[in-house]
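Heads up, the chain below is alone and in the form predicted on its own; it's given as structure tokens.
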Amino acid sequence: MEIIIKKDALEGSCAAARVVARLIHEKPNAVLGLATGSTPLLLYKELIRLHNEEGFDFSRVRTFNLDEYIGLSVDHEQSYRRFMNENLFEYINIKRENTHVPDGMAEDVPTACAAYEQAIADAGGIDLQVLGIGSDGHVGFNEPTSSFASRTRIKTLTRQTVADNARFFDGDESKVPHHCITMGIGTIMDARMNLMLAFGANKAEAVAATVEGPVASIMPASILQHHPAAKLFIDEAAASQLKLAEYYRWVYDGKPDWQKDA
């Protein structure tokens, strides 16, 4: 796992966007795994800027989102399909049929989950997966104790996740769905590269446990220690509990320029 510490969320997000851009430049039909929530917003804004100001082309890119709430229609203001439309897809030249988000209104959830896994396989697998991390270490909606071998499936959210996400539902926990469809940890680990973003002091404990703690299902993100190409972009606040922060800085600063965005 490569740890990249930047001054703030903007600097970290722009550095992460360069990794995404380099992949698409080298592979115009790249398959991206995408995340929602507040953490990747600056990354998406930078990708939009690259498209608008530098003519970056997304016309052959295909995307698969990590998760979706069960019971929210695509036009619900808090659905992840709507989030992606309003924060990325509407502002770049990606073909809507090339974007995929789990169906939170599926009548047969297990069948829909299996079909989502098959669609990823049919696309050739995910080249780069964008991830955030929950305050309890969850990735996607793979809550603590999720199986490291899990695939796309229904999950029940923890009380902590419901509380954390209430800010998107007018602060009312009763409005937050308690179930979701999420890619599994096994699905995430199949991605050729995982790119995690974590910003703010509230993520510091989870970041430290993910990077320097034991690999354990109680901290789902810790499995990334076993991924051959995982990059973690964090700001100074999120890095505040890392014991080896200075070493990570020294390693990154010593890399040749061409490798920093690889």
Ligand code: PGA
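Because the structure is predicted, anything quoted here is derived from the model rather than measured. In case it trips you up, residue 1 is the first one in the sequence shown, and so on.
Only in words, not in the display: the form predicted together with ligand PGA, which the text now covers.
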Fill in the blank from the handout: Partner-free chain; cross-checking ligand PGA in the predicted complex, the single residue of 38, 225, 217, 29 with a heavy atom within 4.5 Å is 38
Practice task
Consider the chain as shown here, without its partner, and state which of 133, 126, 183, 130 has a heavy atom within 4.5 Å of ligand PGA in the predicted complex.
Solution key: 133
Exercise for the section: Using the partner position in the predicted complex, report whether residue 168 sits within 4.5 Å of ligand PGA, counting heavy atoms only. Expected result: yes
Fill in the blank from the handout: Given 52-60, 217-225, 230-238, 38-46, the stretch touching ligand PGA in the predicted complex at heavy atoms within 4.5 Å is 38-46
Completion exercise
Across 189-208, the residues having a non-hydrogen atom within 4.5 Å of ligand PGA in the predicted complex turn out to be 203
